[in-house]
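What follows is one chain in structure tokens, specifically the form predicted on its own.
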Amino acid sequence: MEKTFHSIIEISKAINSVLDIDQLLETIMDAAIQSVGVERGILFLKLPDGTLQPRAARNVEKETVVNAEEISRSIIAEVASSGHYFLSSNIQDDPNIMQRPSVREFKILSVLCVPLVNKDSTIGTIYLDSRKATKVFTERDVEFLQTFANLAAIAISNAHVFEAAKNEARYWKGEASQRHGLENIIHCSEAIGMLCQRTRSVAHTMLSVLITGESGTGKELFARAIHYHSPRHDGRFMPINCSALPEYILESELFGAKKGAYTGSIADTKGLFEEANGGTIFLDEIADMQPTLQAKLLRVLQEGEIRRVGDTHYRYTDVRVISATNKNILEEIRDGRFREDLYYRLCGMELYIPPLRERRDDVVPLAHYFVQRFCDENNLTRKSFTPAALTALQGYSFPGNVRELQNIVRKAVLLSNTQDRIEEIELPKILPLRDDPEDFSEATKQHIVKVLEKVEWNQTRAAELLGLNRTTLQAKMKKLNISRM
């Protein structure tokens, strides 16, 4: 009885702790041999074509495994197909099996073979034999080994599921690495070429990186490229927009929360810094983070410790931080809206992405890429641009940068209907405002709001498009009661 309990405990440990399929099979084979107390054993698994393949063996010479497969044609194959065990206490008295040369050659006396069954499907067999004595296997051995085999089958199936999931995760990580690699950043301009070189250099370091540039230039694209070219590429990449959430929600999203810390907090939750441990966290629009939260982020960067909301316990985290902003971060520091000490922690290296209007060489290759991708994603016939359409694109200033170019191209594809050539390009028109200090009309208000929304409320860029200086625009916004909700 003690032997039985010990073996069941061993296989239970395998189920709970061993997920590598080869290691698991070896553990199962050892437990079976030791528990039943025989000389030899072979574990067979069924291949997709139905054949049985030996995967683990004990006290079986290489040539004997081949002979064991000969026995499997009559014993193991029968057990696998029927789902019932085979027991022979004195195999020498069985004339059918004694016809096998391997049985005579190796003087096998006793055989016990049980199926490995999971969810009514036989996935393999455990074969044990003895050359020392007849009647080695008792009824208790048969009962035990059947129970043992059922538990082993569960463990094997779980290991296969884990292995499939691991292979799928490895595949998708490879896909992500290729999709977000620097080699897939479409460009012809020298500026982006140099930026890619700089990005590749900093990716292999542990430096924190601050990515600056206008909205729509592709800051997250470069952040992902840094992650997938870094030693942390097997870890998680966790992005969050710091301007999209209220302060208390952003804090719990970043650092986690203890049960009961706030209304609706019904369980302890991990924050992104814990989830991204060993990987990268991307803090987009970092300049919009509130000052109190900036102080807490600074501690994380200095000490590598986070504390969940409502908790007193600090947890260590190993995360690389990449941040981004479309604001002039030095102006934010000067005006007291952003901590200078936090800036130096975040900006181990700054990567500036120039706006699309300053790298017009990239417009055409990006336009071709977006049109082909949109057609492929929507099962449309691939299209090309007429020279007039390309000229129109190259002459536009793209206040929304690459993101706006993508939207314009999508609309152009749809406007072209069934034609294989894109002739018409519908470009938005932004008219400058008159520099009239008394112009506070509703039309002016709507025009300013439209431009601000187009550039995601970047006041400097909006002022450029409206033909105003920044202070004039801010004065009009105050007078017209314009604010970002």
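Quick caveat, the model's predicted, so the values are computed rather than measured. Numbering starts at 1 and runs along the sequence shown.
Just so it is clear, the following notes concern the form predicted in complex with a small molecule, a form of the same protein that is not shown.
Student: Of 155 to 163, 306 to 314, 396 to 404, 327 to 335, which is the one stretch near the small molecule in the predicted complex, taking non-hydrogen atoms within 4.5 angstroms as near?
Tutor: Careful reading of the contacts points to 396 to 404.
Student: Though the small molecule is not shown, can you say which of 391, 205, 184, 197 has a heavy atom within 4.5 Å of it in the predicted complex?
Tutor: If I apply the 4.5 Å criterion carefully, the residue I get is 184.
Student: Could you work out which of 386, 243, 269, 215 is the residue within 4.5 angstroms of the small molecule in the predicted complex, going by heavy atoms?
Tutor: If I apply the 4.5 Å criterion carefully, the residue I get is 215.
Student: Any chance residue 219 has a heavy atom within 4.5 Å of the small molecule in the predicted complex?
Tutor: Residue-level check for residue 219: yes, a contact with the small molecule.
Student: With a 4.5 Å heavy atom cut-off, would you call residue 366 a contact of the small molecule in the predicted complex?
Tutor: Yes, residue 366 is a contact residue.
Student: Heavy atoms within 4.5 Å of the small molecule in the predicted complex: does residue 370 have any?
Tutor: Residue-level check for residue 370: yes, a contact with the small molecule.
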